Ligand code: PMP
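So this first bit is one chain, no partners, the form predicted alone, shown in structure tokens.
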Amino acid sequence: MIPGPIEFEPEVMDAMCVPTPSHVAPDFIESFGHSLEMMKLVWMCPSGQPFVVAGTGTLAMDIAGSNLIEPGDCAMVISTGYFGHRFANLLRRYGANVTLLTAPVGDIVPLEEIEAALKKKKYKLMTSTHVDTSTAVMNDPKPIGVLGKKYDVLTILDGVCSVAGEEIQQEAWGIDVVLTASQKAIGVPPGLAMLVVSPKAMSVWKNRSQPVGNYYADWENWLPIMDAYLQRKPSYFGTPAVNLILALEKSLQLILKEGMEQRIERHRKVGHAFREGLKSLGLKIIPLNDGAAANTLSAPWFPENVQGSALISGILDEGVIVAGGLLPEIKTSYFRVGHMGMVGKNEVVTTLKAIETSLIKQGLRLENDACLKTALEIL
């Protein structure tokens, strides 16, 4: 129950666990092309250009930043945690003049503050993190997309912990780049960096005055590959992670079979049930209100007079693995629980019971199974 790698559907693992095919075999070409087409449906961006490259979510960030930033460009980073600050550092590597808007822990940056910054000077792009995995704080990308259009600024959404788990309508909301990694709500083992890029962002890239400062990430190298697979033709720049792409095709098929609206609603219900279960145990979460709370993971504070490491160890004794804190300034004060992808009623109940049992072992007096009743009423 960590926020990635998550548990994966058996059908996805079956699709992956086959003898490794050639990257130019006809069956694999069909699988890769089909996966790229389905990405447009999951991202809800029919005019977008999909990219799938072997790598992590950080590589997806690097691909977006390196292709769209040139030295001296102004970039705004809207940060709600660890990964917002990572994006700021990344953009600086490519010569960007970065304005960092940072929210207090558990909160989001107000739209008024974002717009005030946009009025002061011209920015080439701005980034935001849909769900920051370090804090479980969720931004609303839609109004940020509106501001991007209003001020003619490219918008990049870090959707590593949100794509296929939280609502994203990339094209309708005017988001230029939405990026993610395979091991979270997309439901594929780690190893794929994934992006869908708007025509506007592709046009900005094509009109660069300087070469991209990252050879591996350069769309000049990857765009012909993606186009070839979409046309069901063989091509080569770097060997793709063929088994992972076979798994990706199966996972995207399962996601679309469930239906995007139904899938997002299921994650909302699971997230709400889990948060309410935590509240019934007396646990507070980092997000300051439900509107800023992610549905793909939760980040509860350790209760007073409870040793965090002992609590996590006790949860493990009950057969459930959760993650420790990540944000440096509060790292030892909280823990994180992922509930995305295939997670449903059974996983929620098992995890809440494990937390309850561990808290009782730590000396807390709790009403037995009250958290389960609370969660099950919602589910």
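These figures come from a predicted structure and were not determined experimentally. Start at 1 and count along the sequence shown; that's the residue number.
Unshown form predicted together with the named molecule; subsequent notes refer to it.
- In the predicted bound form, the named molecule lies within 4.5 Å of some heavy atom of Val131.
- A residue is said to contact a partner when one of its heavy atoms sits within 4.5 Å of a partner heavy atom; Phe83 meets this definition for the named molecule in the predicted bound form.
- For Gly338, no non-hydrogen atom is located within 4.5 Å of the named molecule in the predicted bound form, even though that partner is not displayed.
- In the predicted bound form, the named molecule lies farther than 4.5 Å from every heavy atom of Leu68.
- From the list 316-324, 42-50, 58-66, 26-34, the contact stretch for the named molecule in the predicted bound form under a 4.5 Å heavy atom rule is 58-66.
- Here is the short version: of Gln183, Ser280, Asn243, Thr99, the single residue with a heavy atom within 4.5 Å of the named molecule in the predicted bound form is Gln183.
- Checking Ala247, Ile175, Val160, Val196 against the named molecule in the predicted bound form, a heavy atom within 4.5 Å turns up for just one residue: Val160.
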